[in-house]
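In the structure tokens that follow, a single protein chain appears in two forms: structure 1, then structure 2.
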Structure 1
């Protein structure tokens, strides 16, 4: 029995060994083919310089392509504003490095018009996904220094990249309004504004915090894109919305500087003193007193400033924007002095002549009667 089994085993050994070699060979070839295919795809993806065009990407990424097609990137080389500025610059080819895709500085040629998928994702099938602000900064700088302004906007925005606020394909804000976008991080400020007249009239954060100015290519003055988000008294002009010209108080400064001298708490629009103490709008006395201290002292010692009239406020009599006393219904306005007109001379002369003639006539009549 043992001998028989041994013979059988000896008989099948070459077949088993042969089958094992075949299987090992097939697995080795398969493994090598997988490695070669992977390396080939990787190398081709990384080294391909062939631009396929936006239509190629749309075959798989139809939604993203549709969003991109309505973005300012899609018509970056054909929109009217660009063409007007480009013509003003004598059609400088340097502009095409950002307004086209695949621009070659050596030949001054480009692959496709507009900023297409491959301008950000790389040519071919690489599908690079660089979401850093530096990528956007390659074009959003110089004459339109969005990237530089963002870098200077302070440490609070240092960790907020472009895609926190903007959709990468439409380039639009991720929220319907700028207030919604800013509220992702600045929710406290947004809540403060909601209870003010600005909040009631739907004033957006960008209306005040993003002052924009066009570029002057002739003078070489870059544009202001508003991405510094800072407010300066020379940029912010409250009078663009508030038709309240200042009288007397215009000595405090120009544009918003005068407004912020009193309404320093910009989000809640409360009154703020120079020492940063904040008061509600219906408590104007401390604010006025810091400049008009002599008048405040006189007022405090008078009837209105006594302890029995604690609710008295400067603005009850004075318009804060035109502080001359006007419109007090309890007092009649003093009529202006009018100089008396001189009496007319001619009528007086006529009267005098008539009186004199009558006197002469009476005198003559009496003499004749005596005769």
Structure 2
């Protein structure tokens, strides 16, 4: 190219040669710039697929970084509890797929420690915005069946995705309490609970409706997380807060279900009969009456308790949780009255016939002896 240009310059005037040189220079520069730009774009494209670490993102996204850095995701592979379990399991690589970022199953290596920005947004400049529960479910499943439970929690909860209740960066609830969280949809229940001593003493929906049991990796025990929100899935145990062992009435059900056979309106903390009638705690006679009808009748008539004393409810004398009155243990319990049985007819007839035959025999014998 250059030689051709020289040949042209030889046969032409110097002015033309000068302008040709300038054009050539501009063309070359442009060409080089295009090459550099292409190379730069290609190289940049490659780095955007590389893991850069959370520090890279922090440069432009300080708020998100700040929120994330104090979350359990940030130190998922460096916190003491994880390390302890992990070392006890001979530093099993199987743990790293969820506790690190960019884990490669083929090489058993990872890119960065902990669950970093890139675990959720993709490496480098990918900056994907994935709001699906399946993203969280990549790790919050299996030993912690949060995703599975949530998916099975019925259509209503299954449509409320993780981010409705959880902040993706702090990993905390978006509301201060679980009660606030559930209140997005269950405001009636919230009003009911807040009006009771449970509400006053900060007993939250999750205290009864969720059970969070950490998986014990060392023992291989899977966990419960409570994201079904339903009580049939697990056994609620009121005794975690109420040291109230039942005697006699323990036959009414397992754990909380015994309590619920009397405290059936659990949100309003009222007593509930099987016909769904509701009574306050201090009006329990109808409750006792539905199961102890004979005693109730006796009580009503004044032969058991004091009928003319409105204060003499069953619970004045009997603790509903331990109803046997121990102070008078010397009293024998009164045997139930047995209705007089009708006299048996057949043996009576037999006896009558035998007696009659005897009389006839005696009569006949006497007459014959008289004769």
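The model shown is predicted, which means the values in this text are computed figures rather than measured ones. Numbering follows the first chain given and starts at 1. If you superpose the two forms and keep the largest set of C-alpha atoms that fall within 1.5 Å, you have the rigid core.
Enquirer: Return 1 or 2 according to which structure is the form predicted alone.
Expert: Structure 1 is the matching one, since it is the form predicted alone.
Enquirer: Any chance the CA of residue 64 moves 2 angstroms or more between the two structures, core superposed?
Expert: The answer is no; the displacement is under 2 Å.
Enquirer: Aligned on the rigid core, do the two forms place the Cα of residue 295 2 Å or more apart, comparing between the two structures?
Expert: Yes, shifts by 2 Å or more.
Enquirer: Has the Cα of residue 216 moved 2 Å or more between the two structures, judged after a core fit?
Expert: Yes.
Enquirer: With both forms fitted on the core, how large is the C-alpha shift of residue 273 between the two structures in Å?
Expert: Residue 273 is displaced by 3.3 Å at its C-alpha.
Enquirer: With the two forms matched on the core, what distance in Å separates the two CA positions of residue 316 between the two structures?
Expert: Displacement of the C-alpha, rigid core superposed: 5.1 Å.
Enquirer: Taking the rigid core as fixed, quantify in angstrom how much the C-alpha of residue 351 shifts between the two structures.
Expert: So the C-alpha of this residue moves 60.4 Å.
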